[in-house]
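In the form predicted on its own, a lone chain appears below as structure tokens.
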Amino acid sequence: MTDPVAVLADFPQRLRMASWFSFVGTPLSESEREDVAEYMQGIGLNDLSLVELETWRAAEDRIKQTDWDASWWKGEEDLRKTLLEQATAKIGDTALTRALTNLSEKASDIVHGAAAIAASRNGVADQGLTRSAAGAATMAAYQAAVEKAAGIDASNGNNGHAFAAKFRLFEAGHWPLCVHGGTIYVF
């Protein structure tokens, strides 16, 4: 069995150093656009349009829509299940669960405050919205950790880095919101 602490050793530092929500509403860089494409391709969604939202209110309006593309949810969930099975086989259920729980708690502690600060800097004090942002970031950290624990790591040449790409968008200060009508929305 692989030591989950060793496999995920870089995550606590990455959580502390990330630009959580600091660049929401600003244009994506070319590498961030590539991360969006890698994320979408990795969950089986290709040829999507990209819309970059500019305000917290626009992000709120978008996440309040209830008719998101089911293929987006299914693609993420299918990939998560597959990766979790692979990671469990490598690391063991108890050790993996402990490592992922610890990581999720650390991420949650960090991102809640970061989301609230970023929103308040833009005149938004909506706790529900900042909790949604923080929850999405925490989930992205968890997904990326599962992917890495499964042995899917960009540095070893494997394909399928969907969750790592999604996590990099959060690290860069953005928030990938949802897929609707053939379009991915990123704030």
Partner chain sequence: MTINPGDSVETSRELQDAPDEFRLAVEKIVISHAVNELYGAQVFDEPAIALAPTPYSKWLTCRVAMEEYGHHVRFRELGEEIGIAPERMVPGEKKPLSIFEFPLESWEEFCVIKLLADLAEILQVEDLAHCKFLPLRNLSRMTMPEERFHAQFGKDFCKELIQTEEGRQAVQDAINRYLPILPKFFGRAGSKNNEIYRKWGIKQRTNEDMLADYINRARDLVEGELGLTLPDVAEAA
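Numbering follows the first chain given and starts at 1. Remember, it's a predicted structure, so these values are computed and weren't measured experimentally.
Form predicted together with the partner chain: not shown, discussed below.
Enquirer: Taking the partner chain in the predicted complex as the reference, which of Ser120, Gln65, Ser29, Ser49 has a non-hydrogen atom within 4.5 Å?
Expert: By the 4.5 Å heavy-atom cutoff, the listed residue in contact is Gln65.
Enquirer: Quick check on this chain: which one of Leu177, Leu15, Val24, Ala164 has a heavy atom within 4.5 Å of the partner chain in the predicted complex?
Expert: Result of the distance check: Leu177.
Enquirer: Can you tell me whether Thr55 touches the partner chain? I mean in the predicted complex, with a 4.5 angstroms heavy atom cut-off.
Expert: Close contact is absent here: in the predicted complex, Thr55 is far from the partner chain, nothing within 4.5 Å, heavy atoms only.
Enquirer: Taking the partner chain as it sits in the predicted complex, is His112 near enough to touch it, meaning that at least one heavy atom pair lies within 4.5 angstroms?
Expert: Yes, contact at 4.5 Å.
Enquirer: Taking the partner chain as it sits in the predicted complex, is Gly135 in contact with it (heavy atom to heavy atom, 4.5 Å or less)?
Expert: Result yes; Gly135 sits at the interface with the partner chain in the predicted complex.
Enquirer: Does the 4.5 Å heavy atom contact test between Gly128 and the partner chain in the predicted complex come out positive?
Expert: Gly128: yes, in contact with the partner chain in the predicted complex.
Enquirer: At 4.5 Å by heavy atoms, is each residue in Thr82, Gln86 and Thr88 next to the partner chain in the predicted complex?
Expert: So, no: the whole triplet misses the partner chain.
Enquirer: Any residue of 69 to 98 with a heavy atom within 4.5 Å of the partner chain in the predicted complex counts; write them all down in order.
Expert: Residues within 4.5 Å: Trp72, Trp73.
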